[in-house]
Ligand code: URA
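Given next, in structure tokens, is a single chain: the form predicted on its own.
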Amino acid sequence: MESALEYHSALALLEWQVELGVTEAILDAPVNRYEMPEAAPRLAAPAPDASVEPPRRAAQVTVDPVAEAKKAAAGARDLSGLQTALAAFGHCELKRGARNLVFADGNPAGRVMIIGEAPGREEDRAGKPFVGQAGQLLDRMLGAIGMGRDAPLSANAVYITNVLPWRPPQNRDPRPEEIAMLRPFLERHIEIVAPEIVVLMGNISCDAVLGRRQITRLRGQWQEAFGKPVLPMFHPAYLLRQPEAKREAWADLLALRARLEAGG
């Protein structure tokens, strides 16, 4: 006996199923829902339009820190301008780890310009070169020949700076690339001060100015650089470690004094 399903009953059943979440009717054939679908056919890429120029990649700009240093140093007209240019130079990583820029100390009108290597901890704190134990020894050495950074007369005064204006971490030796990028500032520094004699303290300053090391062979031997007579000497920090070398340092100081008395 067949039971007739009237319209209203069928509609009520359909609404009830929809409320239960039914979204589709039962198909005539079973569906395998674990079967991987067939890969859709890949569409061929359209042929490039010859009339449209493809976008160009931006050229990677390589900065030469030595060239930038030469440009910045050449633009300095005086010591204040050179210090400002150094402070604005952003290509040396040492700047990020240092507390202060250690520029110079003493009298720029002095006859002698002393070039050290790099600031240490005390110099980094004070912002002045040669203020630690090595600096105190240097002051005593200069005082022994009647000279000093605080000498009242410019004839006996000295002017002091370093190859590097920022302290290397853990007081390590400056790297060749650091010396190379900061050398233009040192050269311009010597040009502006125009001393009669340049004294190079230690291996790093000899490397930066003369392109040579081996201070034990260079010390006491007059050289020439940037049109100036140059005297390499032991660094005071070396003399603190090797007191027996003070005899050679005293001989170099006497040679410096004799050269000044002879008119440079």
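Counting begins at 1, following the sequence as shown. It should be emphasised that the depicted structure is a prediction, and the values quoted were computed from it without experimental measurement.
Keep in mind that the form predicted together with the named molecule is not shown, yet the notes after this line are about it.
Among heavy atoms of residue 119, some come within 4.5 Å of the named molecule in the predicted bound form. Shown alone here, residue 219 lies farther than 4.5 Å from the named molecule in the predicted bound form, counting heavy atoms only. Although the partner is absent from this view, residue 129 contacts the named molecule in the predicted bound form, with a non-hydrogen atom inside 4.5 angstroms.
Only one segment in the set 68-76, 177-185, 103-111, 121-129 has any non-hydrogen atom within 4.5 angstroms of the named molecule in the predicted bound form, and it is 121-129. In the predicted bound form, the named molecule lies within 4.5 angstroms of a heavy atom of only one residue of 161-182, namely 162.
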